[in-house]
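Quick heads-up: the C-alpha cells below are two forms of one chain, split into structure 1 and structure 2.
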Structure 1
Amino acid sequence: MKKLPTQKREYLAPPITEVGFIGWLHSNLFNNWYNSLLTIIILLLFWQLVPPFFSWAFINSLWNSSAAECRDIDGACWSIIPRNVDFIFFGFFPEDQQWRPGLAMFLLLGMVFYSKDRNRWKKSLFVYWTINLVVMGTLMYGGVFGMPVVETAQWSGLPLTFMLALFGMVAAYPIGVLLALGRKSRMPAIKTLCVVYIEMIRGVPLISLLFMSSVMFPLFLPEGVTIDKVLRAQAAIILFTAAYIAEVVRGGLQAMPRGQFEAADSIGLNYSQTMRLIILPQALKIVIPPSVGILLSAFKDTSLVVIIALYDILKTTKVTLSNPQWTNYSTEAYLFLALFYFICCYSMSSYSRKLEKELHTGH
C-alpha cells in the first residue's frame, strides 16, 4: 500500500485583488471599465464640490452672531436660526408664555417615543394618549391654573404643524374606514356616494380644498356663526386625508380572504359584528405600515397651509426671512428646515419599514 504524504499542504493566499479593502474596491467600484470611469468622475465631482461646501458651511460660517457680523463673511450665516429660534418654533405665541408650547411639544415627542414599542399597544396606550392630548390642549389654550388664554389664531410654528398633521390623521381615520366600508358595500347608493367622494378628493390638489376652507366654508355657515381659520384648514386636511386612508383601508379589506367573511356568516354574525370582530382587526393590521406612510405625507402636506396664510413652521421661517436684516440668508434657513423635516419624515418612513417587516407574519 502506498503511503499518502502526511505533511500539510501549503495553500496559496488569495490574490490581493480579491480580498480585503482592495478586493472590495475591485468588486464594488472598479469591476469593469465603465464602472471605473463612473467612479473616477464621481470622485472628481466630490473633490470639486465637497471642500467648498465644507468651508462655506463649517469653516467660514458664523453660528451665533448678529446679522451685521454676517455681512462680512464668505460662509454660511447659521446665526439666523439661534437668533430667531423662538419665532420660528412658536410664532406669535406670547413670548413670556412660550414654555407652554415647548412643554406640549416635549410631551408629544415623549408620547411618540413611548408608543414606538409594539408591546405597549394596548388599551392603556389609548388612555395615555387621550390624557396627553387633553394636557397638551390645556397647555396651549390656557385659561386654567393662572395661564392666560391664547386663542388658536396665535398658535403657530411647530405646534401648528404637528397639530394639523396629528389631528388630520386621527380624525380622518374613522372617516376613512367608513368610506372604505361604504365603497365595498353592496348597496348601490351608498357605494356610489363613497366612490364619488373618494375619487373626487383624490383627483384634486390639496390646495383647492384649502382654498375651499378659506374662502368657501364661511359662506356655508349660517349667519353669525364663524369658525376659526385654523380649524377650517384642519377640517380641509381631515377631509383630504380621509379619502387617501379610505383607499389604503380598502387595500386591506381586499386582502382579506373570502373564507373569513363566509366563516363569520356561518356562525351567524351580522354585518357590524363581522366587520368589528373579524374583518377590521385583521385588515387594519395589514394596513398599519401604509398608514404611517399617509401620516408622513399628511405631515409634509401641512406645509401647504402657507398658501392660505397660516403660520406653520415654514411660514414663520419665511416671515423671519422677510425681516430686512436676515433676508439674504434664506439658503441657511431653508437648509435648517429641510433638515428638520428630513429627520421627522425619515424616522417615520424607517419606522414604517420596520413595522412592515415585523408585521409580515405570512410567507
Structure 2
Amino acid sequence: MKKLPTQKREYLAPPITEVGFIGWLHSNLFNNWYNSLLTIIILLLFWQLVPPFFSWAFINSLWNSSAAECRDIDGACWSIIPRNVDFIFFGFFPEDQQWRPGLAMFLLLGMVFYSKDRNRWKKSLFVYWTINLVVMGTLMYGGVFGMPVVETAQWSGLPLTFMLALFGMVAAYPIGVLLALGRKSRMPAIKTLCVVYIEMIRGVPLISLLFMSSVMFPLFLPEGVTIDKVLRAQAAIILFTAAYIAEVVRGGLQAMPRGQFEAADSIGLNYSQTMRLIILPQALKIVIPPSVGILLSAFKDTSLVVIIALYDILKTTKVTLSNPQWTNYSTEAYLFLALFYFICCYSMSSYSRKLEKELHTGH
C-alpha cells in the first residue's frame, strides 16, 4: 500500500492582542468603544485623586508627633492613633491593668485562628473554647490571683467590640437554625411561635431592640434585680441576628429536593437523623454566602451600641476626637476605623469563600 506524503503544518502564534497582559487589557478594558472611554475616564480620575492622596497620607504626614507639631504640616496626622492607642483600644479599663484585656483578646483571636482548620472541629475544640472563655472572663473581671475587680461598665474599646460581635455571631447561628426548623415544622404551635418571632424581630430595627434592652427591659424586673447592660445588649444582638439567619437557613431547607427526604425515609432514618445527617449539612453549605452576609452586618452593627452609652471602639475614637488637641484630625481617625472594619470583614469573607470551596462536592 502506497504511503501518502505527510504535509507540513505551520502553527501561527496567536495575535499579541489576544494573549498575556495586553490580551487581558484588550478583553477586559478596551474590548469596545464605550468600555475604552470609561477606562480612560477612570484612569484620569485616578491620576487626579491618587497622587494628592498619596502625598497627603504618606509623604507629608506625621506618624508619632504631638498635636502641636501636626498643625504646621499639609499632610495627615496619623499621630492621633499611636498617641491615643491605649484609650482607643481599651477605653476606661484601668491603665495599669490593660494587659488583661490585651491578653484576653490575644487568646480570643488565637482560638479563632486555631478553629479555622476543619480537621480540628471535634468535641475537644468545644472543651478548648470553654477553658478559653473562662480564662478570658477571669482576666476581664478579675477578683482572683490578686487582680482587682473591673466592672463591666469599664469594659470598652476593642474587647467590647470583639465580644459583642463574636459571641453574637456564634450564639445567633444555632438559634437561627432552630428557628428555621421550627418554621418548617408540621406542629402548628411551634410553627406559629417561630413565624411570629421571626417576623416581629425582622420588622423592627436593631436600634429599637437596643433601646428596649437598655431602657424598658429593666422596668419589668423585680425590685433589686438587675442585669448587666453589656449582657442585655449582647442578648439584643443575638436575638436580632438569629431572626435573619433563620430566614436564610429556611431558604436552604426549601432548596432541598424531595428525593433527599424520601431517601432518608427509605433507609429508616427518623426526623432528627434526617436533618442532622442529610438535610442540614447540604442546606447550610448552600447558604454559606448569604449567611456570611448576615454575620458581617451583625459585626458592623455592633457599633450601634454607642446609642446606649456602651463604649465600643467607635465610641472610644469619638471620645478621643472630643479632646481639643485632636479635634481637627477626625479624617485620620475614621480612616483608621474604616481600615479596621475592612480587615475584619474581609478576613471573614475570605474564610467563607475558602470554606465554601472546601465543602464543594461538584454537584
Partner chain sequence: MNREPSITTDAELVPGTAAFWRDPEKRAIVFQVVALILVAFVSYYLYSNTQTNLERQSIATGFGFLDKEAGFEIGESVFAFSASDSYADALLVGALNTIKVSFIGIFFTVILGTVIGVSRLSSNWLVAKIAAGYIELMQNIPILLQLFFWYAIFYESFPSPREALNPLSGVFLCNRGLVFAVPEAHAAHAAMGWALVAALAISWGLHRWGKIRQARTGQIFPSILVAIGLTLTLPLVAWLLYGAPTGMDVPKLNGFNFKGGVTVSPEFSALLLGLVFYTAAFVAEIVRAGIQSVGRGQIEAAKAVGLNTSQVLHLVVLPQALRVIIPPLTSQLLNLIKNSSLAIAIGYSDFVAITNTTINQTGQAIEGVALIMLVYLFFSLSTSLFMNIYNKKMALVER
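Just so it is clear, the structure is predicted and the values come from calculations on it, not from any experiment. Just so we're on the same page, rigid core means the largest C-alpha set that superposes within 1.5 Å between forms. Throughout, residue numbering runs from 1 along the sequence of structure 1.
Colleague: Have a look at both and say which one is the form predicted alone.
Modeller: Structure 2, not 1.
Colleague: Does residue 258 move its CA by 2 angstroms or more between structures 1 and 2 when the core is aligned?
Modeller: Yes, residue 258 moves 2 Å or more.
Colleague: C-alpha of residue 173: shift of 2 angstroms or more between structures 1 and 2, rigid core aligned?
Modeller: Yes, shifts by 2 Å or more.
Colleague: Taking 2 Å as the cut-off, check whether the CA of residue 103 shifts that much or more between structures 1 and 2 after a rigid core fit.
Modeller: The answer is no, as the C-alpha of residue 103 shifts between structures 1 and 2 by less than 2 Å after core alignment.
Colleague: If you line up the core, how far does the Cα of residue 249 move between structures 1 and 2, in Å?
Modeller: Superposing on the rigid core gives a C-alpha shift of 3.4 Å for residue 249.
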